[in-house]
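As a starting point, one isolated chain is supplied in structure tokens, in the form predicted on its own.
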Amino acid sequence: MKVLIKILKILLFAILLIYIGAILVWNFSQPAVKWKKEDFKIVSEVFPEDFMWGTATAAHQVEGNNTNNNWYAWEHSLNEDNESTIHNNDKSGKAADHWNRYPEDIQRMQDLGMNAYRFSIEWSKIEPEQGIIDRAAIQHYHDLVDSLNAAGLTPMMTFHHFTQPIWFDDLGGFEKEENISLFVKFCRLVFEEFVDKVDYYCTINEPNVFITGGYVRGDFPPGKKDPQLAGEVLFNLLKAHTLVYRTIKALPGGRDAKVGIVKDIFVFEPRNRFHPGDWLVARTVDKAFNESTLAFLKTGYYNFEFPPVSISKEYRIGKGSYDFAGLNYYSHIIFDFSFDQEKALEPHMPEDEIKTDMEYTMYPEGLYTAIKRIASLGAPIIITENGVADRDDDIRGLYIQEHLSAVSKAMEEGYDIDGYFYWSLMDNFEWAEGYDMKFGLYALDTLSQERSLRKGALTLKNIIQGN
């Protein structure tokens, strides 16, 4: 009996040592980042003369009258609870009427001192039916690009920003690997049209958000809650990106084009840094929705693990299929362990941080962390989105100041960052949130379509002018 008790004591001591060791390893490998007020400073000298200062939009959110894509269909449907799929039953409708008002919006970008603009093209307008190309729609984007170039604004074009034609969805969309070629064909068509006018191309915007909304939470089309399918769709999106990249590079002018994918990085952290369960949830989510994509781009190997789902695939030409790394950053997400998976995945907002109108806080230190993370790809970084929902406009200026402080700090330390695009130029249709979230540098009256500059936007203008 004494021997047994002694063995149990040794085992308990060993378990305690392992626990302490694991906690120390976790905390030292991903230390909590919290800056003091004096740490938030912008060193203007680190921004080169050719640094891209811009704003970003997406076609469905600003153009208006997109009536032939999956999001239009989603807006006009009911969810599994027989309720509207969009907050307040909003419809995109005219959105910001950017399709018609882009000349005045370009002037607004110039007024803010910007020299670049990231936008997406609407696949469903260019190819409203499979194989049917609308030349008038293509001409519209030529007019937009020509106007941007004439105004001294570098155009950055995104091929896929959440929306796709209804006919593509009817074929199964990215749930079916055989449909990837249809997207590649569309991207090739667009590139060949604009190769002489556009240097920067984003293939797919936030593939992880696409699958999280559409196949995990179910609040994006197609509204499914199927983690297995989520993992398969993510692989197909990454394969689609790879094939678009390789196709463009093989075309005339492709070598000179700069092609990349846009990866969102939310910094996933434990609520209690000394609770192994909290770490387990944070690490699990991070591996599935951050590391799976980054590792694929670095190695050509895909591993998606989101218990009980486990998917492993090899696609070696995915390795290095990018000329720049697009980074979207908004905040961090805190997790609290629970044996109930839904509760475990609920985000928490730290009480000592400034709350935004979205379900997350202002955490500029996370942008610095995200820059260091995505730098592992070994390519120039472009911050393709960073912004705040702030209907009262009382934290927007501070948000911009502190997040650009994080960019400045990273650049001081030698990280290669080529541009910063604020989200967004004007208020717009914020997907499942409808028009309730106000991200715009310009406030938008959706009835009159009047835009008015917000005071918080002057912070960005002043920083740009100072650089």
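Residues carry their position along the shown sequence, with the first being 1. This structure is a prediction, so every number in the text was calculated from the model and none was measured.
Only in words, not in the display: the form predicted together with a small molecule, which the text now covers.
- Using a 4.5 angstroms limit between non-hydrogen atoms, residue 263 is distant from the small molecule in the model of the complex.
- Although the partner is absent here, residue 122 is not a contact residue: none of its heavy atoms lies within 4.5 angstroms of the small molecule in the model of the complex.
- In the model of the complex, at least one heavy atom of residue 423 sits within 4.5 Å of the small molecule.
- The closest heavy atom approach of residue 399 to the small molecule in the model of the complex falls outside 4.5 Å.
- Proximity to the small molecule in the model of the complex holds for all of 61, 330 and 385, with the criterion being a heavy atom within 4.5 Å.
- For the options 324, 368, 162, 296, the residue carrying a heavy atom within 4.5 angstroms of the small molecule in the model of the complex is 162.
- In terms of contact with the small molecule in the model of the complex, the residue from 205, 85, 242, 292 that brings a heavy atom within 4.5 Å is 205.
- Across the options 64-72, 430-438, 46-54, 400-408, residues that bring heavy atoms within 4.5 Å of the small molecule in the model of the complex belong to 430-438.
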